[in-house]
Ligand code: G3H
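The form predicted on its own is given below as one chain in structure tokens.
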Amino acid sequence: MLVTSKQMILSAQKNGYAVGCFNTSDLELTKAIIAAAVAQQAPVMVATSEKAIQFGGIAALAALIKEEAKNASVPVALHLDHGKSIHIVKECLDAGYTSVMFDGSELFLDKNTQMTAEAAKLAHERNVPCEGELGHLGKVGVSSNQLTNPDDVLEFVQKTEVDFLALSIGSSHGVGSDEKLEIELLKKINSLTKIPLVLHGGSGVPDGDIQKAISSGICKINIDTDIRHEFTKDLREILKEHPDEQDPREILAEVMQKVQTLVEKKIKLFGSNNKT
């Protein structure tokens, strides 16, 4: 069933687990993610980045995800991941997204606050929750992190009225070899606000740190790189094993099963299985 993300994340916060937010850009990934959620009886967020929207087209991508969600026996939210402009937030709301994120983390704090507040207002007019980001996640091998300053949290949350807050506490976009979460920083921030907290860059974080983060206040975890790596790795392996296969449906069915297995593993790690 298609729902907003608000109740599922509030339930996660109340009961000490995290909702998985998994990125897609096509039919195959979408089906694999939702199949995993159904198999594990877990609430799930299916996310699209701006790059995914450019690739698939917002109308087509939103339509296929909403259709798959409506036919699912578990709660599914359609989420905009890292929206960088008010324009893309509006487009996604118009397309029927049930959850949005405005990412102003590359802006100065005042501008981030102002624009995130604008995005949250637009979302709330549609009864859709809005996520903001404070601090900045770098990209492995490209840029460094700017950790969230706990002194900025309370004012940012109050002025923007966001529903969830994404933090920078040591994870990065992509998969690095030295990602380690600043759990004490997370605990401090969690003590300052009652808002549900979000971890981006979850693909490169060790399982032990994921579990510590959940017990310290993280209620939503984003996974993108792991899914794309799993898809492309399995596709190469299957094509190598079956070089004469001419039916893409046969090839992609195997890849989808591998991605589903990965997503199920993450759901169990996050503790959101059997929570519908």
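A residue's number is simply how far along the shown sequence it sits, counting from 1. Remember, predicted model here, so these are calculated numbers, not experimental data.
Below, we turn to the form predicted together with the named molecule, even though it does not appear here.
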{"property": "Candidate from Ala36, Leu29, Ile223, Ala69 lying within 4.5 Å of the named molecule in the model of the complex - any heavy atom", "result": "Ile223"}
{"property": "In the model of the complex, the one of Ser172, Thr148, Asn112, Thr160 near the named molecule [non-hydrogen atom within 4.5 angstroms]", "result": "Ser172"}
{"property": "Gly104 within 4.5 Å of the named molecule in the model of the complex, heavy atoms", "result": "no"}
{"property": "Gln260: touches the named molecule in the model of the complex, heavy atom cutoff 4.5 angstroms", "result": "no"}
{"property": "Touches the named molecule in the model of the complex: Thr98 (any heavy atom, 4.5 Å)", "result": "no"}
{"property": "Proximity of Ser168 to the named molecule in the model of the complex, heavy atoms at 4.5 Å", "result": "no"}
{"property": "Segment that reaches the named molecule in the model of the complex - one of 185-193, 84-92, 201-209, 118-126, heavy atoms within 4.5 Å", "result": "201-209"}
